[in-house]
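A single chain comes next, written as structure tokens; it is the form predicted alone.
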Amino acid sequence: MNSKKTNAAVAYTGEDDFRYETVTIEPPRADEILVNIKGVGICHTDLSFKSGAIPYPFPAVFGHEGSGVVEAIGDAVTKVKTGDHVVITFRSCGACELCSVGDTAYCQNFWPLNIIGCREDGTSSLSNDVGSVASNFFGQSSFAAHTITYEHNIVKIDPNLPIELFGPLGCSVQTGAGAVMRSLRARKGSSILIAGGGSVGLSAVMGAAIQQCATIIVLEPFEGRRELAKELGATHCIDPTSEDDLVSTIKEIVPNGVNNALDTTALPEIMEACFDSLGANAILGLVGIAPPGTPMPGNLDDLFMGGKGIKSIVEGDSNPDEFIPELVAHYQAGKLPIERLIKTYKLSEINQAIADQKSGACLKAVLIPDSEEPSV
């Protein structure tokens, strides 16, 4: 198989917008898989790297919530075959100490496999008229009509499902739902506080409903998102910008404090309120990416005297080969209606999609390659 031309949204140093352009993608090597992308979610992590806040080589193709159809495989690939429908997630090595016990989200080789902008040998699968284009972002770089990926970060799903909508299972949905279902292991009948009503926060709401939490409190300033949170299972929704004493308002609902809290905002004042709303022997999970130097919420006295804890959570502590099929089963049962979160755009409309997501006009943007017609 020869290299082929495909379309991609390419980021350049110092440019606010992505450029939609033609790139060349190499054929898959022995351990690689070429996927025809049908949909890819836009995540805050993509935009953090594009902004330069986290070092990364440019020009670059980002995107790490891809889904699509396998177009070609390398000679060493056995997990999938041509024509399989797949969700693409973060990459792990499958061989380190943590991967061997199923903690793939904490793979000891996570950084070189996901966020250095190239293969392990320093080459890139993408190029354009300028030269090499950084690729391999989270083992995929799926802001494109085609991508190269690997066995350890793909999960095969039922071809009868709407594949273009399932990319967010690879990051935002598994992060939010997994934080509640796997990391915090919220109990039936328990209470939980969720800060932020974006795609991660609302995925956490759905996870809490699946866990049959009795009290699900959501902090979210956008009214439309608060309304959707209630439709997805939240029992109480609070606009944090309208409260003088947020902790007191929360404790009017749960006087002894919540059993668990999850922050998706990374805002210091919101994280502090979440910590102060914890009951005894309760855990605050953190999934938001905070700026360097952001202080930890809480204090040691409360940690020791109340048995409270703070846990950072990566990718919902997910082992994708196990958890993504579980999420798909919940979708099929009507318990994880991810389509309620999604608005689709053409890949060439990526800059408008980002603007809409930032303004709140769109909750979760999913990009469809321009040869495909949006369905939501």
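Throughout, we count residues from 1 along the sequence that is shown. Model, not experiment: these values are computed from the prediction.
Beyond the structure shown, there is the form predicted together with a small molecule, which is absent from this document and is the topic of what follows.
Although the partner is absent here, residue 45 is a contact residue: one of its heavy atoms lies within 4.5 angstroms of the small molecule in the predicted bound form. Within this chain, residue 143 is remote from the site of the small molecule in the predicted bound form, having no heavy atom within 4.5 Å. In the predicted bound form, at least one heavy atom of residue 110 sits within 4.5 Å of a heavy atom of the small molecule. Although the partner is absent here, residue 328 lies well away from the small molecule in the predicted bound form, with no heavy atom inside 4.5 Å. Here the chain stands by itself, but in the predicted bound form one stretch of 339-347, 24-32, 55-63, 310-318, 310-318, has heavy atoms within 4.5 Å of the small molecule. Contact with the small molecule in the predicted bound form holds for none of 186, 209 and 323, as no heavy atom of theirs lies within 4.5 Å.
Residue 289 is the only one of 305, 289, 95, 101 with a heavy atom lying within 4.5 Å of the small molecule in the predicted bound form. Proximity to the small molecule in the predicted bound form, defined as a heavy atom within 4.5 Å, singles out one entry of 87, 126, 171, 229, which is 171.
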